[in-house]
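Presented as structure tokens, the chain that follows is alone, the form predicted alone.
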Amino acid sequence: MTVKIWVIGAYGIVSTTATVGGKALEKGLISKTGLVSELPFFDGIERYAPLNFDFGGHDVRPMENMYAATLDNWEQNRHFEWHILERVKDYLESVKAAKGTALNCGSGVKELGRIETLEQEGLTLREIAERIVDDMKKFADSETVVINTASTEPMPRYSGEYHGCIDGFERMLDEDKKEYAMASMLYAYAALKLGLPYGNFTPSAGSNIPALKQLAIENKVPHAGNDGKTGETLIKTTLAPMFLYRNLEVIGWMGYNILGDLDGKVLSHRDNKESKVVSKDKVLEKVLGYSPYSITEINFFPSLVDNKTAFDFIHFKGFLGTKMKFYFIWDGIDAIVAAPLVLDIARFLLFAKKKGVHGVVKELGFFFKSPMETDIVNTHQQFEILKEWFSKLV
């Protein structure tokens, strides 16, 4: 049995790192450190989703194959040992991404360099969707999951007519209403149409519209998202509950994030950055039950490449009204903290499908900054929910 993962943004650093990690696990080259699904609480998942992987995907950058993309990412970051890359080179050379869409992906798309997209071929919206479906269908079997790791899109132009139900979404495709369609929606539509579990590791819309939630229910497909919780927000949603538990009032919370690489370049554009900031900024109110003054900044810092750094300042009030301060710095390699979660989410979604779970799997909220259909973002609560969900199904 092999877990097949179709990745949107296949040539990006998160996807390529997940691919290297997945194949390295198969070969016994690395430990299972970083994989939530390998904790003792989740014993038994290997019967439904073993640590054997095959990868494919879509991308809009014309590259020779996944090895060329991985090598490009590695040369900039050196984020794992060279010998690991060499041991999986043959496999990476066999994987070539299908041409994807960057429809309405914002001004940040130009930072990707030369791109080749389906819309550049003059295809209609329906034709783009059908091509994506066909690409996934050629790769997919009953063990396949689709994960979106592409660059962050701008906030969508929502339409009740086209996004409110699946009939409306289909009509949007037939009427070629491109202004209402986001690339992430089309990928999610294709996955759910084919009955493939879908995970949205980005803050983009993806399956988080009523039409696609309806499609997931009708086709009995599990899906989850949004926006992988990997760094500063993981710390924030783990630390903020401490203030709540001790009845300390958070007066203000400033988070200043700097990062390089393509992610940083894309997020340096205001339209692409907006949905990311919203995703990171909402968690405090959900954890604390009130909204302290907050500043969330994300800025491009080229020399950091994939080394994402965050400086957080917390001003809080204690007994007798005394004001105090707390500071922390998060300094992590973004792809290294994100890649194992791609494998985790794929495994849990495949497990969910085999257990007959469908629709939004809010119990997988532990992995996301903005989990769908729940306001629980407290990391401690999320983990307990995940453990309980798994133990009841296994």
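The first residue of the sequence shown is number 1, and the count goes up from there. Small disclaimer: the values here were computed from a predicted structure and weren't measured.
Quick note: we don't show the form predicted in complex with a small molecule, though the next part is all about it.
Contact annotation for the candidate site: 11, 102 and 230 all lie close to the small molecule in the predicted complex (heavy atom within 4.5 Å). When contacts are judged by a 4.5 Å heavy atom cut-off, residue 58 counts as touching the small molecule in the predicted complex. By the criterion of a heavy atom within 4.5 Å, residue 151 is counted among the residues contacting the small molecule in the predicted complex. Within this chain, residue 334 lines the site of the small molecule in the predicted complex, having a heavy atom no more than 4.5 Å away. Taking the partner from elsewhere, residue 146 is found to have every heavy atom lying beyond 4.5 Å of the small molecule in the predicted complex.
None of 296, 208, 202, 237 but one reaches within 4.5 angstroms of the small molecule in the predicted complex through a heavy atom, and that residue is 202. Checked against the small molecule in the predicted complex, the residues 262, 165, 248, 133 give one hit for a heavy atom within 4.5 Å, which is 262. Only one of 123-131, 171-179, 221-229, 208-216 lies within 4.5 Å of the small molecule in the predicted complex by heavy atoms, and it is 221-229.
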